[in-house]
Ligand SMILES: Nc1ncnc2c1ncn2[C@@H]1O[C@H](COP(=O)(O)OP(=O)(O)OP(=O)(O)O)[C@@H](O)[C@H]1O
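Presented as structure tokens, the chain that follows is alone, the form predicted alone.
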Amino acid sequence: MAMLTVDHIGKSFGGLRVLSDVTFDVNEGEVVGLIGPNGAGKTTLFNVITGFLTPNHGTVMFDGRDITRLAPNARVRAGLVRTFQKSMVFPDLSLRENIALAVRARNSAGYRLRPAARELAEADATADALLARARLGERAGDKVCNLSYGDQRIVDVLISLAMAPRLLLLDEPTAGLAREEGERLIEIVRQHDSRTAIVLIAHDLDIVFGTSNRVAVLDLGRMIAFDTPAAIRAHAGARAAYLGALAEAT
């Protein structure tokens, strides 16, 4: 049974149809790349999967449970976590503090004014372990606003990993990053837990094709192809949607 099943999802805003009959699935530990031209409906699909939008029709199943109308925070508690295109860090808090807050939220300690000392210590220890894995351990006490843009994006992803996701949706995590930074960010996610499934939106096709088990192609709100990277490269409709860029991806 698939961890996530998106079944015949449709979403319109007034008379504008943004998603039309979109269907795909994601298995445990799998990386699925989601690509398509600007305006194809990728972020809208993420918003439906994560509960920020309710579809006009279709269902979203997670671990065999219908979550189509489940609130976003309940989906996070179930293990479905996402990042956003815009950084969601607290810039005036330290790296450790940003990640520890996510750990406390995951453990139901939340943002209580007087959390137990043990909860604080455990959250800080988890944060330090994640930062060490990302080679940012020496900067744990630095404010996030003093990091480079690339390292801020990595902290964004570490915050998501601190929520112990079973499925992590990454919305353009490598946008604005150099190729080496983008590859480092994806590698941090892959090394965290091999059981964590990932859905990745990215315009860098080398990263998508180099990390994904399967690739889904959206165009004008429709899923025009969903297959292995090799099959997507050979798919005429997918190549047309990207104006030949797929043929150049390695």
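Numbering starts at 1 and follows the sequence shown. What you see is a predicted model; the values in this text were computed from it and never measured.
Note that the form predicted in complex with this ligand isn't included here; everything after this is about it.
Comparing 33-41, 207-215, 187-195, 61-69 against this ligand in the predicted complex, the single stretch with non-hydrogen atoms within 4.5 angstroms of it is 33-41. By the criterion of a heavy atom within 4.5 Å, Val18 is counted among the residues contacting this ligand in the predicted complex. Taking the partner from elsewhere, Asp156 is found to have every heavy atom lying beyond 4.5 Å of this ligand in the predicted complex.
Contact annotation for Glu172: at least one heavy atom lies within 4.5 Å of this ligand in the predicted complex. The closest heavy atom approach of Gln85 to this ligand in the predicted complex falls within 4.5 Å. In the predicted complex, His203 is the single residue of 192-227 with at least one heavy atom within 4.5 Å of this ligand.
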